[in-house]
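Okay, so here's just one chain, in structure tokens, the form predicted alone.
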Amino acid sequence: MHSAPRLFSLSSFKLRAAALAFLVFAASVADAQPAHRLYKIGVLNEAWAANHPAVDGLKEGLREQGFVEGRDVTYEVRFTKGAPGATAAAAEELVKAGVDLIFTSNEPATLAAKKATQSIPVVFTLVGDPVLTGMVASLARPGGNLTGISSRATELAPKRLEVLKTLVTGLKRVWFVYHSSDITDTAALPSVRDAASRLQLELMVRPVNDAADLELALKEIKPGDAVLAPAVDTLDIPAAILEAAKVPSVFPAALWVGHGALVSYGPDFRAQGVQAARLIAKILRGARPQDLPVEGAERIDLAVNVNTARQQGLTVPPKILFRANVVQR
């Protein structure tokens, strides 16, 4: 008569024991899973605002790779408004902030990041020749802690001159204004000289050191001249050319055409950010920068502003309109 309760008690004990065993097993499995990592990405450039197109592209590209801002990544953004030398201090700030990776645009920012850290991965964009500048050992095998996207600025500079000559058929004199510390545009100078000679253009080269130099250089530009804007925006030289030089000018990216420049030929800034995000995603998932080859910019745009051409008394040739990726009217 008393055996049934004992059997019920034994069954209950077995159920409780099984449940406890399951909880212990589940806890051990949970402990074995890696904790979710929130990565902190430092952003460094010479822009005048945080929403530089390359940065917007970076964020878009990382979202496409599954890294959601606030959940998987956060951003520490430093922009130096074109001030020469300011990138060094900004790079040091990012290192002290404990970022997991630094994303840079242009040579000054990239060189500053390279000097500030030899251990934190650095992924660059808008760099004309990363080998020439000493950022990487080679494109195929970067070595060190840097890799990224080359804007191909050195090879594209002569092409910009050709586009300008096609638009302004009677052109005789072109000014090339850039910062004296600008490695990329200095490196492009020999090929630009060759192109100018071939196109029968007088090339006026003006490296500048500061805002006063820049103002004097721009005052030398006369009606009938044209300007080749630099690839690097130290001192905000491209913006100064757009504002002060009311003559046909060719720029390195389509964003300037959107602001009223006549024409541009070069890589899309936002697209470079998206492209770099693929490299960054690989690094965050365990790849080493030195094992990821430097890539060339995948998207090269020809952009022309038809309204600006009309204001400057120019007719855009059909072959330019046919080839253009971006036509601003």
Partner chain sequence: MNAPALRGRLFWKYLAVFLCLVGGVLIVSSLVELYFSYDETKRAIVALEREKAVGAAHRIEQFVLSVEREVRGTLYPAPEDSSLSLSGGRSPVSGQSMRAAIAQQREFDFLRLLRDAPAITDIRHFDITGKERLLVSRVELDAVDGGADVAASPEFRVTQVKKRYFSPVYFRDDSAPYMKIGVALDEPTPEVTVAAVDLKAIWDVVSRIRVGTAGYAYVVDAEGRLIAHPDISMVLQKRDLSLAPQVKGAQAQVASAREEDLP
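Positions refer to the first chain, counted from 1. What you see is a predicted model; the values in this text were computed from it and never measured.
The same protein has a further form, the form predicted together with the partner chain, not shown here; the description that follows concerns it.
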Original post:
Does the trio Glu295, Ile300 and Arg323 actually contact the partner chain in the model of the complex, every residue with a heavy atom within 4.5 Å?
Top reply: yes
Subject >> Listed residue that, although the partner chain is not shown, lies within 4.5 Å of it in the model of the complex (heavy atoms), from Ala229, Ala195, Val208, Met135 >> reply: Ala195
**OP:** Find the only residue in Leu171, Ala245, Leu255, Leu139 having a heavy atom within 4.5 Å of the partner chain in the model of the complex.
**Re:** Leu139
Subject >> Interface membership of Pro158, the partner chain in the model of the complex, 4.5 Å heavy atom rule >> reply: yes
**OP:** Please check if Arg310 has a heavy atom lying within 4.5 Å of any heavy atom of the partner chain in the model of the complex.
**Re:** no
Original post:
Is there a heavy atom of Asp291 lying 4.5 Å or less from a heavy atom of the partner chain in the model of the complex?
Top reply: yes
**OP:** Answer for Tyr265 alone: is it within 4.5 Å of the partner chain in the model of the complex, judged on heavy atom distances?
**Re:** yes
Original post:
Looking at 147-155, 109-117, 95-103, 71-79, which one sits within 4.5 Å of the partner chain in the model of the complex if you count heavy atoms only?
Top reply: 147-155
